[in-house]
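Given as structure tokens, the chain that follows is alone and in the form predicted alone.
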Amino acid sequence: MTFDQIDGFRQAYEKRSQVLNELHAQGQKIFGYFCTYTPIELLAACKVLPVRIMGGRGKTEQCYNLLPEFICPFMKRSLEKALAGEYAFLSGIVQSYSCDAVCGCQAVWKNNFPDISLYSISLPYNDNPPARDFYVEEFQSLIKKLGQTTDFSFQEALRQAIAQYRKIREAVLMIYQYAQSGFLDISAEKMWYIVQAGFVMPPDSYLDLLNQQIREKRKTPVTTEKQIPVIVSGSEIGHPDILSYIEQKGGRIIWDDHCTGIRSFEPEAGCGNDPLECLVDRYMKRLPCASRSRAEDRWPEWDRRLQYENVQGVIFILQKFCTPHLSDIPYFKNQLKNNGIPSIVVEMDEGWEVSGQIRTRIDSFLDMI
């Protein structure tokens, strides 16, 4: 793969600070969010550009006196970036209650960045009418805090935002489908940049890039017969090197279940009597995360994939100290074993380096398959 194939997405991701600072200087209000349970459509309807706060690869030097050692690399790196001024364009942060580490770190951000407004949304764990009513009230409370009212004009703005992000999710899922079927010659690294760019770009610009990519669909699929179909699962993937290495060694990632992958895009939208109910329906039904659901509740989607895909192995890529995902591993490994599918767990630190030990383990795993 050559980088000129993905210049639009790669440059959008790598030059995000420059572009977002320029938008901020032009008067665009920008809010950050840590977790994809945050209702970005609602922020867009409030004339706010939602931008995902990410960790990525690098050192953590300044944040060590602010965070305990057992915090995951994602939170360490995101705070490190903020302390270095990389999130100077943010006016606020909206966080849906996900894992305990993210929620606990909000106090650290509040103490160190007093000019950034912080907002929280509590998420129901169960899906029933009272839970949905509670969720609607949480959204309404956020709307009020952001200085908006749920009048007709806001309802229309929210309806338009939902429609726009639905088109984005449909386009991303289409690219996933074409890539997995071979109609688009897209490596895991390229797919990583495609997804990451969407977290930091204005939605209209991102949708244009996605549609350009879709137009490159081939009439004849690329052959994938000699590759080993695997699933990659876990928390945030801070750098694509490990995904590239899996492919270089003969693996083909036919589905991913991690925080910066397809989990952010299913389903594309929800249903309801009004835009707010549609939004609640979408986030209640989205592909579940380990921090918000039990392993038993996540397994049915996996089971469906295993029945319709020729999965031959699963590689769990976890960030160190990611307790929600680590706690799910015994259940998933047992279920996979019962289905005759081998699995391996790889833990990554903030450097996201594919060390010799990790290479050896991945090599052995794929050779065994």
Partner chain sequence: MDKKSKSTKRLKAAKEINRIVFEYYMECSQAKSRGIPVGWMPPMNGAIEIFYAMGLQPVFPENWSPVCAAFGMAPGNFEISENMGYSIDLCGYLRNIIGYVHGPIATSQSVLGNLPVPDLLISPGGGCVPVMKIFHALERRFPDAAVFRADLPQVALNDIQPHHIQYAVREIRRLISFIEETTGRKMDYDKLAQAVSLSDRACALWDEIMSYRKYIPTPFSAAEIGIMFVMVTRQGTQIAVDFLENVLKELQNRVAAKQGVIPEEKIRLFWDNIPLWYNLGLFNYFEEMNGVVVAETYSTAWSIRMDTNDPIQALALKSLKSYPLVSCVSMETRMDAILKACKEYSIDGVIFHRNKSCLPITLGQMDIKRRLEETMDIPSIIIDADHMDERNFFPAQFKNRADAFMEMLLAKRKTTP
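Positions refer to the first chain, counted from 1. Treat the numbers as computed from the prediction; the structure is a model and nothing was measured.
Here the subject shifts to the form predicted together with its partner chain, a form of this protein not shown in this document.
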Report summary line: Answer key: of L209, A295, I168, A88, within 4.5 Å of its partner chain in the model of the complex (heavy atoms) is A295
Report summary line: The one option of N111, S153, T223, Q248 with any heavy atom within 4.5 Å of its partner chain in the model of the complex is N111
Requested in this report: Answer yes if any heavy atom of P68 is within 4.5 Å of a heavy atom of its partner chain in the model of the complex; otherwise answer no.
Outcome: yes
Report task. Give a yes/no on whether G58 approaches its partner chain to within 4.5 Å in the model of the complex, heavy atoms considered. Result -> no
Report task. Find out whether any non-hydrogen atom of Y37 is located within 4.5 angstroms of its partner chain in the model of the complex, and reply yes or no. Result -> no
Report task. Give a yes/no on whether P342 approaches its partner chain to within 4.5 Å in the model of the complex, heavy atoms considered. Result -> no
**Report entry** Interface segment, criterion being heavy atoms within 4.5 Å of its partner chain in the model of the complex, picked from 23-31, 300-308, 314-322, 47-55
**Finding:** 314-322
Query raised in the report: Non-hydrogen atoms within 4.5 angstroms of its partner chain in the model of the complex: do C105, P130 and S327 all have one?
Result: yes
Query raised in the report: Using a 4.5 Å cut-off on heavy atoms, which residues of 81-104 contact its partner chain in the model of the complex?
Result: Y97, C99, D100, A101, C103, G104
